[in-house]
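Heads up, the chain below is alone and in the form predicted on its own; it's given as C-alpha cells.
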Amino acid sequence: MAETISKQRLLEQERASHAYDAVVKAKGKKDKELKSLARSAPASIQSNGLGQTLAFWKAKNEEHHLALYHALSGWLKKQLHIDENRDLLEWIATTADSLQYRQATAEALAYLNWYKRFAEAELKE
C-alpha cells in the first residue's frame, strides 16, 4: 500500500516536473495565447477527443499550439512507451486500441492539470 502511494506521488512529481519545464521552455511564445489554450485544453479533449484535439493543434501550426502539442506529445510518448521518433497522432490513428486510447486520454488530462497551473503561474497576460 505504501509503495503504491509512493509510486503515485512519484508519477505526480514527474508530471509536474515535465509540465513545468515545458511551460518555462515555451515562455515568450505568445504567452497570453498559450495560457488561454492551456486553460481550455482539458475541455477540448473531453468534448472533442484526444486525437481530434491534437490534430487541431497541429493543423493550426501556431507557436502556442505547437508548444502545447509537443509538450503533451512528449509526455504521452514517454508514459505509454511509444517510440520517441514516432508521431503521436500516427500512433493514435494506426496503432492504439481503445484501452490505450483511453489511457492516453486519462494521462493527457492528468498532465494538463499541471501544465495549466504552471502556465497560469509563469506566463504573462
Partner chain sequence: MFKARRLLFFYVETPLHVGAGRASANVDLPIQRERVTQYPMVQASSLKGALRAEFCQKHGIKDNSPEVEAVFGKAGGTGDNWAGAVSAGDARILLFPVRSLAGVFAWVTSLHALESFRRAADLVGQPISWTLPQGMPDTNTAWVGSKPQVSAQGKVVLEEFSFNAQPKAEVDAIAKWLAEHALPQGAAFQYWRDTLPARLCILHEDAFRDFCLYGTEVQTHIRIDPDKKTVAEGALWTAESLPADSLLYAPLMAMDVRNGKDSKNADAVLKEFDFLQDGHIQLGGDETTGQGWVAVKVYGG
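Numbering follows the first chain given and starts at 1. Keep in mind the model is a prediction, meaning the values are calculated, not measured.
The form predicted together with the partner chain exists for this protein as well; it is not shown, and the discussion that follows is about that form.
Three-residue candidate spot Q46, G49 and R117; every residue lies within 4.5 angstroms of the partner chain in the model of the complex by at least one non-hydrogen atom. Contact check for A106: a heavy atom falls within 4.5 Å of the partner chain in the model of the complex. Mapping the unseen interface onto this chain, R102 counts among the residues with a heavy atom inside 4.5 Å of the partner chain in the model of the complex. In the model of the complex, the partner chain sits within 4.5 Å of a heavy atom of S98. Contact annotation: G74 falls outside 4.5 Å of the partner chain in the model of the complex, judged by heavy atom distances. Stretch-level contact analysis of 83-91, 58-66, 22-30, 38-46 against the partner chain in the model of the complex, using heavy atoms and a 4.5 Å limit, identifies 38-46. The partner is not shown here, and in the model of the complex the stretch 61-78 never reaches within 4.5 angstroms of the partner chain through any heavy atom.
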